[in-house]
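The chain below stands alone and is given in structure tokens; this is the form predicted on its own.
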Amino acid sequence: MHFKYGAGAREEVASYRELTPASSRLFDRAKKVFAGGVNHNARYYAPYPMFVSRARGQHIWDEDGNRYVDYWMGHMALILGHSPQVVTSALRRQVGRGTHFGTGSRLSLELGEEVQKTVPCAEAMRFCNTGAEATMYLVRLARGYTRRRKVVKMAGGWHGYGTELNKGVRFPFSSSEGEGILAEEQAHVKTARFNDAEDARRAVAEAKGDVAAIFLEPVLGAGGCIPAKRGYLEELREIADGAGALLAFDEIVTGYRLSLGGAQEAYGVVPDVATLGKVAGGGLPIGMVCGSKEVLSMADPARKAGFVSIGGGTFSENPLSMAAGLATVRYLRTNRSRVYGDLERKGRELRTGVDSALSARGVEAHTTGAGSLFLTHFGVDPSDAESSAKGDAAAAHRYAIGMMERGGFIQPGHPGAVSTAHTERDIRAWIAASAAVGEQMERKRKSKVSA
């Protein structure tokens, strides 16, 4: 989500510029090198994005030497914080043994076995390099297995920059995100409203027996960090089974974050196939598609008929990602009860504390999320992407900039995440900073009204 700022935010922007002059200079240079000065659209925000020089634990330092408690956590990938010792030790060992093999390895096998032990649907899998690759492969597998064409996805659901699934991401959820994508390339993707089982039934019925998969994030990410309502995923399971379609989860964000087994374990609903990434790579690039052995067997290159080609990429199962992922997943499994209980408690404390702090200052705000995930909305209490899109984006931007000025970092307009490195003191500081920003926002609102 891109934000613009107006007269009401000039003071915040001026203060941000004073705090981050080195980032301003670097962004001016970056615009001469990169399209828009960034290498991921989500990393842009007005007046310019911060440039980070180093990170450790729960902290990042920008190019001006300012330290922040980080809640963006590398696009929510860093569940153990920045550069945790368990991961850096594994990487140091592996670098001396090789950074890229282009073959199978014991490391990839061991990580795959860990995924099998921990993720309910993961009878078999295929590693790749990114979440976008994984979602593309999932769609191809679903179509190959069912011999059907259509995919029902949820409005506001973000599944990477793959052509077909890059539909219905932004309000009004009726088209692709930008130019260069042909309507016919997305002709077999239908959208339904998140948390509305009846709308999913409508989309499936309109497909007239041609649905390969119902595909969704169990916690809607870019669409508002909105958890599935009680019973919703169970209803989708029934709808998929009744239609002869696969139920597919995008667990690139929720995998290893809501619980050791991801959202499918937390909600008790097992999909036929799922994608994983982020946390599973331990801070290095990874993606994977996993699911029932029957479905994944379609990708067996020794298969004589019905083969589905899903590749993997030159750097798939690269030993550095495998080493970092293996160290992370093993740590999470070994420390399961302590890690997830702690993350759940801190995430809940942050969400409720921020809402109470802002409400006490007269600011209407609602923080959504689940487990260690959160996103604060202004002016709305959303249950789907449509209601989330009606929130006050300018207020969300002012809040994010205000939090940066007070030593906390979130990417404006995007979900944040708590890691095991965050302390109780960090959570309390975030709530206190929210109160200070809320007081400032309300004071300016009243001043504007009286003028």
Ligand SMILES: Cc1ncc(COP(=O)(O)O)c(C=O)c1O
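This one's a predicted model, so the numbers in the text were calculated from it and none came from an experiment. From 1 onward, residues are counted along the sequence shown.
Just so you know, the form predicted in complex with the ligand exists too; it's not on screen, but the next bit is about it.
Judged by heavy atoms within 4.5 Å of the ligand in the predicted complex, the contact stretch among the candidates 324-332, 156-164, 308-316, 89-97 is 156-164.
For the three residues K346, S372 and I427, a heavy atom within 4.5 Å of the ligand turns up in the predicted complex in no case. A heavy atom within 4.5 Å of the ligand in the predicted complex is found for one listed residue only; from P271, G281, G131, G168, this is G131. In terms of contact with the ligand in the predicted complex, the residue from L111, V253, V119, A245 that brings a heavy atom within 4.5 Å is V253. Along 198-228, a non-hydrogen atom within 4.5 Å of the ligand in the predicted complex is carried only by E217.
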